[in-house]
Structure formats: C-alpha cells, structure tokens
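The form predicted alone is given below as one chain in structure tokens.
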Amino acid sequence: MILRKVIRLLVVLGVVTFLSYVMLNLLPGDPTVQILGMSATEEAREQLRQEMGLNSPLFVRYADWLGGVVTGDLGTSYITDIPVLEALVDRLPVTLELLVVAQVISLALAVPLAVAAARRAGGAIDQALTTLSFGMLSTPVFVLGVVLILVFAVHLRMLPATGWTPISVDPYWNFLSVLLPSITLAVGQLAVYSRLLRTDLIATLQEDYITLARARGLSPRRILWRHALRPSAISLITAIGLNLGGLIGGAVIIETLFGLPGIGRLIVDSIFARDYLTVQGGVVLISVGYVLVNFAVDLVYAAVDPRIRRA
C-alpha cells in the first residue's frame, strides 16, 4: 500500500513540476531584460540567453532542470545569483511558523465550538456558529487582513502591521509579528473545520453504540469527548490535509500583505522579476510538502480509527 502511494506521489510531483515549468515559460517578458536592463543591446541579451540555456528546447531545459532536482540542485537565481535551495531554506521557517500557528488557532477554536454546537443541535450556539461560519467563509483573506491591520495595528496599536522578528532574536516580538497574519489565515479554516466536525458529531451521536453508552449512564460530556469525537475526526483530518493547499495559497497573499519574508513572498517577487528557477523551486517545495502531508494523513487514519487499522 505504501509503495503504491509513493508511486502515485512521484507521478503527481512530475506532472505538477512539468506543468508549472511550461506555464512559467509562457509568461510574457524576458529574464535577460531584468538582468541586463533595458539599455542592453540585443547581441548582449542573445549571448546571455545562450549562456543560460534559454535558447534550448523546452523539454531539454526541463530535463536538465529535473536532473539537477534529483541531485538536490535547484539551480541559481538569475537575479540575485544565490542558489535557489539556499534562498528557500532561509525563507522556509517563516512560512512554516505561519502555517503551524494558523492551524493551531483554527483547531483550538473549531473543536470546542463544534462540540458545543453538536451537543445541542439547532440551539442558540449552533445557530450562532452557522451564521458566523458563513460570514467567515465569505470574507476574502486580503479584506480581512486589511480590516485587522486597521483595527489592531492602526487604531488600537496592539500588534505590528508589518515586519518579522525571528524567534531566535526575540520570542515575544516573534509571537506578536506572527499573531495577526496567523489569525487572518486561520479564520477561513476555522469555519470549515467547525462546520465539518459539527455535522459529523451530530451523525455519530445517532449511532447505536452512543445509545448504549447513554443507557449505561455515562455523562454527556464523556460521551462527546471520549466516544463520539474520535470517530468523527476522520473527515476533519482529511480536511486538514486538503486545506494545506489553501493555506499555502493564502500564505502567498498574507506574506505579501504583512511584509513577511516567507516563501510565498519570495515566489511573488520572483514572478515579477521573471526569475523562473526560483519560482520553480518554490513550486517544487510546496508540491512536496502538500503530497507528504496528505500521505501522512492516510497513515494517521489507522491510528485514529481502529476499524481502518484492522482492515
């Protein structure tokens, strides 16, 4: 089973990297203009294209690039002359911290809210959560980010609007600098997780073994947290893995909006600079992370649900 999944993951990575490589090369513009400037002669640009291999056929360039990726060489940036792998490694901690904190915030709020709503389906808490979820899902992250900046950074002056402080320099200011972007990114996930878990919990509470647990005199709290939550978490775990792609896409906007030096902002800057190798390296890193997380989710199923483990 693991071997089949690994083969499928390799196929997905190959398709994603090839399609992204083709689309990047279809973008208008010339990298030599960004490197040499507008005043460079056509002869100088042609010579640079030859040196960079840009005159070679697309499939030849992709094969050369893929051969380097297999050996751990993602190439060197056209613009900064820095190895792409080094640039990505420098930016990776910022993006990882943003994604982790956003997930922790969304799950820490979604689980108790879903349990409270499922405990009394149709009640005041359930109706309030439904209304609030629709509002959170319908608000784009860039709009929410601007609103939070105006409220907490401009008017209240509680949190910084932009900038980043590494955790190794000052943990407190690092927490402040990541809090507002993480909340912005977590709001949409909070709505999805809470509604999904609430629906599954309500269905689980109708099962026969829950009725038996009630007949044995177990408290409603124990039934919810010990007997209903675990089997209801399968869909939530799936959503966490699938939503990683949405989080990464949102991180591109959030990092640009809040001025965070993460991979998302690096990709955006590289797109405008026509730095194809850096963009392609970022796509590879994101694709690998996405497929590995979903691969891990498949393995977590067996740990959460004994029925899957026995099967």
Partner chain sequence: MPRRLGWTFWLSAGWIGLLLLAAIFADLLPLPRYDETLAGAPQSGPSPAHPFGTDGLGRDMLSRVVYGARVSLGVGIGAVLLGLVIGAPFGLIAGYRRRAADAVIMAVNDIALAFPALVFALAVVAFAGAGLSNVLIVLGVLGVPAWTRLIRGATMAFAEREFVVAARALGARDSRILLREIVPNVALPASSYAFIGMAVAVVAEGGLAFLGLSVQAPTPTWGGLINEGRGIMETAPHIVLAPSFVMFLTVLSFNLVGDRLRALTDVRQSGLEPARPSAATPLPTGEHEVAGTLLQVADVRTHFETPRGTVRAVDGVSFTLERGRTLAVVGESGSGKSMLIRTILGLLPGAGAVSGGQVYLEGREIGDLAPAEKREILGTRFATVFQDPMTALNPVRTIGTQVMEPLRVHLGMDRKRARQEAVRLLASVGIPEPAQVLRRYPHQLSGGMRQRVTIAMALSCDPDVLFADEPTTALDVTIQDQVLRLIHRAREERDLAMILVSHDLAVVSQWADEVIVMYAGKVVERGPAAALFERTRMPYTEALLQAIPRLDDPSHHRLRVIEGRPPDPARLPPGCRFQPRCPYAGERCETEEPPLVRAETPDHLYACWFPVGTGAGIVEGTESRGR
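Residue numbers count along the first chain shown, from 1. All values reported here derive from a predicted model rather than from experimental measurement.
Below: the form predicted in complex with the partner chain, not depicted.
Quiz item: Can all three of 10, 100 and 183 be found with a heavy atom no more than 4.5 Å from the partner chain in the predicted bound form?
Solution: Contact check failed for every one of 10, 100 and 183.
Quiz item: Just to confirm, residue 256 within 4.5 Å of the partner chain in the predicted bound form by heavy atoms?
Solution: Yes.
Practice problem: Report yes if any heavy atom of residue 65 sits within 4.5 Å of a heavy atom of the partner chain in the predicted bound form; otherwise report no. | Solution: No, residue 65 sits far enough from the partner chain in the predicted bound form that none of its heavy atoms falls within 4.5 Å.
Self-check item: Interface membership of residue 212, the partner chain in the predicted bound form, 4.5 Å heavy atom rule
Solution: Yes, residue 212 sits close enough to the partner chain in the predicted bound form that at least one of its heavy atoms falls within 4.5 Å.
Self-check item: is_contact(residue 292, the partner chain) in the predicted bound form, heavy atom dist at most 4.5 Å
Solution: Heavy-atom contact with the partner chain at 4.5 Å: absent for residue 292.
Practice problem: Taking 4.5 Å between heavy atoms as the contact cutoff, choose which of 196, 167, 202, 176 touches the partner chain in the predicted bound form. | Solution: Contact check passes for 202.
Quiz item: Want to guess which of 67-75, 183-191, 106-114, 148-156 is within 4.5 Å of the partner chain in the predicted bound form, heavy atoms only?
Solution: It is the stretch 148-156.
Quiz item: Using a 4.5 Å cut-off on heavy atoms, what residues in 116-150 are near the partner chain in the predicted bound form?
Solution: Going through 116-150 in order - heavy atoms within 4.5 Å of the partner chain in the predicted bound form - the hits are 118, 119, 120, 121, 122, 123, 127, 134, 135, 137, 138, 139, 140, 142, 143, 146, 147, 149, 150.
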